[in-house]
Each structure stands twice: as C-alpha cells, then as structure tokens.
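Next up is one chain by itself, shown in structure tokens, the form predicted alone.
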Amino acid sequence: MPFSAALKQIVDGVEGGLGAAIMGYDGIHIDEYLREDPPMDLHLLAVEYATVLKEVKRTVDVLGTGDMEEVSVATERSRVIVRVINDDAFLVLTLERDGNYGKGRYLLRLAAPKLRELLS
C-alpha cells in the first residue's frame, strides 16, 4: 500500500517509535508499520483503542465542542498518540514510555493532511 512509506517515516523519525497504523473506527487496519519485535501486541492495541475512540468521537459530537483532532493515552509501558485523518480513519503512533512525545505529535500533525488526501 502507498501508506507504508509514510508510516515508516513517522516511526523512524521519532525516538522511541514502536509502530504506526492507519485504522478505521471499525477497528480494521488500512496499513501499518511496526519496528521489529515490538514489546507488545501493537495490532491488538490499535484495534482495542479504535473501540474507545469511536466512543470518544461520539461524545465529542454530542457535546458539540468541535471536531476531535487528537487523543493520547499514557501507560507505564507506552504512549499512544492518535490523530484524526477524516470521519472514517485515524492515524495511531505507539511510543516507548520515554519516547519523544512532542516530536511524535508534530509528525502526526504533518502527516494527517497528506494521508487525508491519499484516502479521498
């Protein structure tokens, strides 16, 4: 798929990057790039977070606070940053706990409009 190079560039461009994926809110992967031997099942992580994100997106819509742009989850083992691409898909980046969170957010913000264009 044409998205693999963009995902690889994001993961390799941030210290502590473990993997990135383009996902639908239905939990189906559009494409992904994973570093070799990630310390957790990143595919399962992304699928499970898709379920949570669908609910967050619905709540944001109900509250009328504007379109959801970004969500992050920090745990003792990792950080997950999600950037909305469009109404059907989002970009997710998983970092090691001490990964460069600011740069990860920056790279996702840059990539989302390009990926939105490719998906339309």
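Fair warning: this is a prediction, and the values are worked out from it, not measured in the lab. Position 1 is the first residue in the sequence shown; the rest follow in order.
Quick note: we don't show the form predicted in complex with a further copy of the same chain, though the next part is all about it.
Of the heavy atoms in residue 67, some are within 4.5 Å of a further copy of the same chain in the predicted bound form. Shown alone here, residue 103 lies farther than 4.5 Å from a further copy of the same chain in the predicted bound form, counting heavy atoms only. When a further copy of the same chain is considered in the predicted bound form, residue 33 lies well away from it, no heavy atom lying within 4.5 Å. When contacts are judged by a 4.5 Å heavy atom cut-off, residue 28 does not count as touching a further copy of the same chain in the predicted bound form.
Along 43-67, residues 44, 45, 48, 49, 51, 52, 55, 56, 58, 59, 60, 62, 63, 64, 65, 66, 67 each place a heavy atom within 4.5 Å of a further copy of the same chain in the predicted bound form.
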